[in-house]
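Encoded as structure tokens, the following chain is the form predicted alone, with no partner shown.
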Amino acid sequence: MSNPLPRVAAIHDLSGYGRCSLTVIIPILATMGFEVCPLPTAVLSTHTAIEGYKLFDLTDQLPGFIDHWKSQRLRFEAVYSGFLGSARQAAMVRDFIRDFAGPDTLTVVDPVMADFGKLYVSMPPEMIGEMRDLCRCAKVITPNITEAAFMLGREVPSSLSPEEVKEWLLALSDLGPSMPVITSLPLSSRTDRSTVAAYNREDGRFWLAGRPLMPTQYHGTGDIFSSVLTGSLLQGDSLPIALDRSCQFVASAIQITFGYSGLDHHEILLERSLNTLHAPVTYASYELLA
């Protein structure tokens, strides 16, 4: 019997503490109705923003895991990758997409490697080129503004005009993906919002979505955003609706968490927000970037 649930290969790390990567990806996509098959790239004691974290790189173990999946003739409706344990893993993920993704498979790459103008401490400089090559294999990519700048060989901007945003999205699309998305966008006209922008090469349209800024910041929101976006596209949502749902879900999770005192920045209360993923879209605030 065929699998009654669409299946997603989730190629990410597993952090024991700090809601991010697989610990948010699995519950989000499961709540949205998908079977998640995790392929862990690394195991960490905590995410990398917590001083003293321990990382166990699974690069040498990945080929055996993947060969076993091949022997089981697994097929996936989506392949979704994020944090890699080493630069060598990028080629493995490219091969994975080649071997497991069919013409109708949704391929999503979140090139997790940098933020706030610098690479994460666990990332070697060669990761930039490897992530750039990996993004060539994807339909959807979700870099933040720092990752987008690094892959394009540009300075990280302090602000961008709408016309500049469109040019950045076109440059990312020229790498290969037909739906590039940029998060944490410093849009000059929207300084009071956290903005995302996207381009759909199939119809040539550009989109904006966002959420109000809160006087706080939580780790893992990028993984949450990309997971909801992946699930929404798999459910058949249009790109702007998927953007909007993702922004609204992140905003809801942040607002729920912010209302509690005594929580640190590693404690976004994802579980209190999961039920909203079943709610119908009753209001959309996305905009066409003309």
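Throughout, we count residues from 1 along the sequence that is shown. The model shown is predicted, which means the values in this text are computed figures rather than measured ones.
Unshown form predicted together with a small molecule; subsequent notes refer to it.
The small molecule in the model of the complex is approached by T48, whose closest heavy atom lies within 4.5 angstroms of it. Using a 4.5 Å cutoff between non-hydrogen atoms, G220 counts as a contact of the small molecule in the model of the complex. Not displayed here, the small molecule is approached by F83 to within 4.5 Å at the level of heavy atoms in the model of the complex. At a distance threshold of 4.5 angstroms between non-hydrogen atoms, A242 is out of contact with the small molecule in the model of the complex. Here the chain stands alone, but in the model of the complex its contact with the small molecule, taken as any heavy atom within 4.5 Å, falls in 40 to 48 among 248 to 256, 234 to 242, 40 to 48, 66 to 74.
Out of the listed residues V112, M179, V108, A197, V112 is the one that sits within 4.5 Å of the small molecule in the model of the complex by at least one heavy atom.
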